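Starting off, we have a lone chain in the form predicted on its own, written out as structure tokens.
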């Protein structure tokens, strides 16, 4: 058990280093596309370490505890994430529904802390974040339940292996409508434009994080990077067949995050009501249509 816990912490730390590095490289890519030089690829590491070295202002124990709860919940979630067919800390516990429950702990910790700050802008940001989450989770859950029904597994490792089986396709291809819905929902999870509503820096002063600084902001940046690692990894395992080895995982991870980032940088930002209406319209219609076609008619490419 101790070895499993150590491996789990190793996976969480690997996820932080991987996503922070990939995010830095992507900042460089976007800058070059915009004819800028851009920051160094490791600039985000420097920013986080600098924040962790500073003192932070407290707004009460709820504000402080919420940050610890948020980071702890996300680290605990990452510990269950399989990297490849053979690299998984807790074999048999990489169930999709475990990730759904555990990642909510981190999000609720963040919401509790931000609301405890007493800043109305933070409360508005929390409200927008939870509303956006409720919007994209409905079509995403429909597609994931369809995948679970088709494979007979809710384990991410088992779903990935099922896609790797002889004659099988990635669900991104086998369920084309579902793949599109998965990408759209992933953009909402990552807070990428046009679904960047809860941050909206030009409107609500950076949303939930408006009152944070120093160590607390540094911890939230670490939480953010690990959260992105979890969400992109979920997409890789559910829609791209996981990975037989770490090099394939890294290639798929980088490709998914880069594509989503490139799409984000050519979009504007929707209003919060537009985000909800959009997700409950086209993605939900495509998700339900794909579920009916795949489950009841058995039409899978």
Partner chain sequence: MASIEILILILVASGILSYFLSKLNTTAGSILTIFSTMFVFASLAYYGFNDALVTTVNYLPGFSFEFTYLGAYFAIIVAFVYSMVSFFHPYFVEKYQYKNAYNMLFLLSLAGVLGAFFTDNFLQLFFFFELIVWTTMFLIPLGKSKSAAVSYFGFSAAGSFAMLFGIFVMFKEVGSFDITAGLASLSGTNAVLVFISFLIAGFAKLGVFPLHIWLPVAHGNAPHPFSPVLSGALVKLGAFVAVLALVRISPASSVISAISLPYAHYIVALLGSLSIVFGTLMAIREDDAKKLLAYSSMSHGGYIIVAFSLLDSVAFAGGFYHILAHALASAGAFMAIAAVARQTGTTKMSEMGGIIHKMPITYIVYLVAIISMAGIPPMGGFISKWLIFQAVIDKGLIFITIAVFFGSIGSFLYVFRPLAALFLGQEFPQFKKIKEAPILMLLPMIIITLLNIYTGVLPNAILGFINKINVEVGYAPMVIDSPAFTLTGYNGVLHPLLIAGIFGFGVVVAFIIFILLKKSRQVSLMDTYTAANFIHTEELLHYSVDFYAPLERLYEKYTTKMTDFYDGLANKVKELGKLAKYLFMSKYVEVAIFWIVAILAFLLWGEL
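All of these numbers come straight from a predicted model, not from anything done at the bench. Numbering follows the first chain given and starts at 1.
The same protein also exists as the form predicted together with its partner chain; that form is not shown, yet it is the one meant from here on.
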Exercise: residue 170 in contact with its partner chain in the predicted bound form, heavy atom 4.5 Å
no
So, residue 179 and its partner chain: in the predicted bound form, are they within 4.5 Å at any heavy atom pair?
no
Residue-level contact is defined here as any heavy atom of the residue lying within 4.5 Å of its partner chain in the predicted bound form; does residue 191 satisfy this criterion?
no
Residue-level question: is residue 18 within 4.5 Å of its partner chain in the predicted bound form, judged on heavy atoms?
no
Pick from 227-235, 116-124, 183-191, 170-178: which stretch has a heavy atom within 4.5 Å of its partner chain in the predicted bound form?
116-124
Stretch 2-27 - residues with a heavy atom within 4.5 Å of its partner chain in the predicted bound form:
5, 9
